[in-house]
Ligand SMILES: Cc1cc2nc3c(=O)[nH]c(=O)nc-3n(C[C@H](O)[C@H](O)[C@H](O)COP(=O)(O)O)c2cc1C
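A lone chain, given as structure tokens: the form predicted on its own.
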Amino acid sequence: MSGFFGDNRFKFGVFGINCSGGMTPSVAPDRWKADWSEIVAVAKLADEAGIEFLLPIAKWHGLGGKANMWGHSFETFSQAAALGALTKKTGVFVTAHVSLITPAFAAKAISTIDHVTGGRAGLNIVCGWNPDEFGPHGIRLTGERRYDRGLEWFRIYEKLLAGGPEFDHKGEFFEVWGASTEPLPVQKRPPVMSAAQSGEGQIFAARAADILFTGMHSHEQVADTFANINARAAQFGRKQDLYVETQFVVRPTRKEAEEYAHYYATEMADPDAIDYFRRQKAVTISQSTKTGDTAADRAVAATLAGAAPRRYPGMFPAMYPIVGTPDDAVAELQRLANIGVAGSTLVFLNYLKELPYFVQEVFPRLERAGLRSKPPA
């Protein structure tokens, strides 16, 4: 996965197929159930289509409501190894909560998956937001200093994958002895992703991650975030790619797309799950969000307060919706690429029913627009 997934100007990652509901708090009957056979089918389709990576969500607790989104989920390390063995080209990420997974375990597991896949493993590093997910592990999560803890975790992980003799580490949050890992990954540096949204989270990502994969609510917020992350990464002598969380409803006509999106994401939205998300997110809110330091902070604060009107409440609050025809989708992706965005998610109400049409109709148009090339046979 060197070079961050190849040469396509605009890249994609299928996001959330390991969890029921995917990224859509909707009670629509067609919602994603996360059956294993269907997960495998989507992974193979993504592989054949040249989609760059699969990105899971690490979940230990559902959102409640009528559908209990995320209540049924597969663990991400074991899923990455399994799907990596069943695919040939697409990258497979693991998602690791730094409060639950030790750096030594993550380093060994990433290296294992990288060998299984011939160099296609990646790490999505998560500092946590929902205290209820940590209770089953006997851990209390607070928002205070979670990114400081995450950065120390990452430094140990990074040193392990650099190779060399055993080392000890005694820091503020972690103390380890005789740390080393062997074998090292096939890749010199498996890519690291962070899905941070707040200003504090973006500073953490600028110091640790190669890719900031984050929620956006408007074209203006995308442009503001792109400028911010470039400036922050430059402060640490680093470069960083920006990926936007996008959810697609693509149909032959705009009317069909808008009607379907309204049906499942407005009429069939799961308000109790959305309210639960807001309550839990507010418990660990970052200081930068409280003070509104960035456009992203202000958008998160408005969402948590219920002050930001949303056309599609049954799409996850962090989603950037793209609803329309294949040509509409390409035009919007072109706008994002023109800002400098490197790629986005592929999120659908039902991945197996909607991804084939997206690949069939949108990908050739992206190729003609110069945003992607045809995958090799």
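Start at 1 and count along the sequence shown; that's the residue number. All of these numbers come straight from a predicted model, not from anything done at the bench.
Beyond the structure shown, there is the form predicted together with the ligand, which is absent from this document and is the topic of what follows.
- The three residues 12, 54 and 247 each lack any heavy atom within 4.5 Å of the ligand in the predicted bound form.
- For the residues 195, 261, 206, 107, the 4.5 Å heavy atom test against the ligand in the predicted bound form is passed only by 195.
- Only one of the listed residues (323, 49, 67, 58) places a non-hydrogen atom within 4.5 angstroms of the ligand in the predicted bound form, and that residue is 58.
- Stretch-level contact analysis of 161-169, 78-86, 144-152, 227-235 against the ligand in the predicted bound form, using heavy atoms and a 4.5 Å limit, identifies 144-152.
- Though the partner is left out of this view, residue 270 does not reach within 4.5 Å of the ligand in the predicted bound form, counting heavy atoms only.
- Among residues of the shown chain, residue 190 is not one whose heavy atoms approach the ligand to within 4.5 Å in the predicted bound form.
- At least one heavy atom of residue 126 is located within 4.5 Å of the ligand in the predicted bound form.
- Of the heavy atoms in residue 122, none are within 4.5 Å of the ligand in the predicted bound form.
- Residues 213, 214, 215 are the ones in 213-227 with at least one heavy atom within 4.5 Å of the ligand in the predicted bound form, listed in sequence order.
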